[in-house]
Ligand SMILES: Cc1ncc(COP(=O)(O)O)c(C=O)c1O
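Take a look at this single chain in structure tokens; it is the form predicted on its own.
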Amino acid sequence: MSHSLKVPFLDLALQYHSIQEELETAALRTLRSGRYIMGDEVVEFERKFAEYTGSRYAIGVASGTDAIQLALRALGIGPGDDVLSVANVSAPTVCAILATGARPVLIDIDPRTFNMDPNRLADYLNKSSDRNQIKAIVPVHLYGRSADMKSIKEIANQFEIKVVEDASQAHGASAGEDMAGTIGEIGCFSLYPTKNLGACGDAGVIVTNDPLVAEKLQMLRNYGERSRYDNSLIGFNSRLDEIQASLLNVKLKHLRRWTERRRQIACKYNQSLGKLGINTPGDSIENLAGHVYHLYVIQVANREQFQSDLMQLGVGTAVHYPKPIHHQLAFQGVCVTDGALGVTEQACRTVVSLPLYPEMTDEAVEMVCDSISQLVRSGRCTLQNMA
């Protein structure tokens, strides 16, 4: 955070101060308990998160990346398998796929939602000569809006492919009548500090309704142990620790209130920016009520200039994400695409994330809107509208 900014892109200290006493009480209670790994706080968080998502089981793990890797392993995904996902994300989703030994195949996105395009997914599966290698789909619910899970699940069922949802940016988002993360075989959530539900360090959680999958995940996260010193699988050290779980138990109580505030801010942005000719996340998008606005993203053709001008006016911004996965040096030769990812590449060149977090005041929201209005009306903001 830059302290010179009147409206920083994000300030996690504001959330901490808003519930400081609750967090410190929980952390101190855990420290005094002498139980720091796989204790009552983890059990309680898993119970509460399962209830929150409407899932039968929740399994706490060390990170969102581990959540995806362990989920794929629990479904038997490994070397020689292909896993379909998207390229307009940060590295963890693809790193998790690669950690299993599987090959990521990147599908282009819908220009309205930035999520996986079901039409491109179906085309790839219909044309693929290696269809038997394709064992899983990992749709990413980007920015807080669910992917088109109805279509994706129908396609997956048609081809008998498992679905592991990356819901790391979509805690509480809905996809039709269901919550994001609960529609595929397994749902994975990052609890990184910046997420809508974030720990004060690395953490993650997995949800499923399958008791056998849940049991396997519980073993995989803890060295493959069925019980102490009884190793049934080759597993990992990926446990959610007690202190993080205690803090998450506090924060989960506030999540619905925080989500409502995010939606209020997004509504103000939609109303103000829509008048300027900016395509907002609220434009002609079905199921908008299910959006939890982890990020509020618009598209601007002259992005660097736009960000610089806003910073001069005291408003911070960020870019999620500037370089698609298939252009990253680390992933050359280990990922394939479903062809030209034109929509993905255009999005990565033009997306800008505006400040949006529950602790923002109405005055701060108004300042963001007024600053952007000033740039648009002066001609210093070149709009790049979605298709």
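Numbering starts at 1 and follows the sequence shown. The model shown is predicted, which means the values in this text are computed figures rather than measured ones.
The same protein has a further form, the form predicted together with this ligand, not shown here; the description that follows concerns it.
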| query | So which of 206 to 214, 233 to 241, 148 to 156, 188 to 196 is the stretch with heavy atoms within 4.5 Å of this ligand in the predicted bound form? | reply | 188 to 196
| task | For the three residues 63, 68 and 92, verify that every one has a non-hydrogen atom within 4.5 Å of this ligand in the predicted bound form; reply yes or no. | result | yes
| said: Please tell me which of 140, 173, 298, 106 lies within 4.5 Å of this ligand in the predicted bound form, judged by heavy atoms. | reply: 140
| message | I need to confirm a contact call. Of 321, 357, 57, 331, which residue comes within 4.5 Å of this ligand in the predicted bound form, counting heavy atoms only? | response | 321
| query | in the predicted bound form, does residue 246 have a heavy atom within 4.5 Å of this ligand? | reply | no
| Would residue 169 count as a contact of this ligand in the predicted bound form, using a 4.5 angstroms cut-off between non-hydrogen atoms? | yes
